[in-house]
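Take a look at this single chain in structure tokens; it is the form predicted alone.
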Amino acid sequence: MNVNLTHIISILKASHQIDLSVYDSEFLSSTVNNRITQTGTASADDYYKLLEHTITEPNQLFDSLHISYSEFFRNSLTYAALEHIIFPAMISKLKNNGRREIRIWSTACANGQEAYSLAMLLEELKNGNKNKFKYRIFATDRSKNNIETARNGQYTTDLLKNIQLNRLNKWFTNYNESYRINAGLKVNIDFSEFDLLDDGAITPESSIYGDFDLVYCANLLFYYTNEVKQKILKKVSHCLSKGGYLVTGETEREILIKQNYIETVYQSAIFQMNTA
């Protein structure tokens, strides 16, 4: 049998009853080829047989499609812009227009590093003054396991490579050969399950109405077809406040630049929605 990607995907679709048409074909092909290599099968034909005759491999392949990887302060240029330009502008806006709090949505938070990184920056800008401004971070992921890990907030040393020593000492406690996020940093973060591809859900339930000052949607779009990318972008743009910001990954900048509702492009991959 001359096996191709379509044959392999058909098994996955049947075993998990999911719509694989949402994924970019190059991403699907790359994922399958990685599993062929990792399983040590000699060819696509042999891998197809493995999928047919084992219970575990379809699950492994399915899990490979849901990459849940993040880092603390991933992309230093983006976080520098947030710390020195974007967040100070938000704080000023908060005071001038009577908004009660800065509202942020981390749309694919994985194990929580992204949300905690944003919280560290905001807490440091408050500089211990609890009355300076209020903020709320809504951190979501489609994986229940990821959300549980994020809520727990415990990380091994190898996951803290981007954390400055002063931040490590301030925001973490050494715990059983790992480090745990201090409870005080969790207060303004709401972790919950949410699927960006769900047509029946617009924003996280706990956010009630959206109206976010910033949506973080990084290193996610390139997994999907153009149609699905537009669907995600439409969803997140509609829940941004006037002049709100959208953060993507560096590899996704070109996708956003082509959108007519983008007004400003900052260095790195931070965009401001058109206020017209």
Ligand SMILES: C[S@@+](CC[C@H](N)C(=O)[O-])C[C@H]1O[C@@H](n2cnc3c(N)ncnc32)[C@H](O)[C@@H]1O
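The first residue of the shown sequence is 1; numbering continues from there. Predicted, not measured: the structure shown is a model, and the values here were computed from it.
The same protein has a further form, the form predicted together with the ligand, not shown here; the description that follows concerns it.
Proximity to the ligand in the predicted bound form, taken as a non-hydrogen atom within 4.5 angstroms, holds for one residue of 171, 191, 194, 135, which is 194. Contact with the ligand in the predicted bound form, defined as a heavy atom within 4.5 Å, holds for exactly one of 186, 142, 99, 167, namely 142.
Not displayed here, the ligand is approached by residue 220 to within 4.5 Å at the level of heavy atoms in the predicted bound form.
Residue contact with the ligand in the predicted bound form: residue 151 places no heavy atom within 4.5 Å of it.
The ligand is not shown here, but in the predicted bound form it comes within 4.5 Å of a heavy atom of residue 110. When contacts are judged by a 4.5 Å heavy atom cut-off, residue 117 does not count as touching the ligand in the predicted bound form. Looking at 69 to 77, 172 to 180, 152 to 160, 90 to 98, the stretch with residues near the ligand in the predicted bound form, meaning non-hydrogen atoms within 4.5 angstroms, turns out to be 69 to 77.
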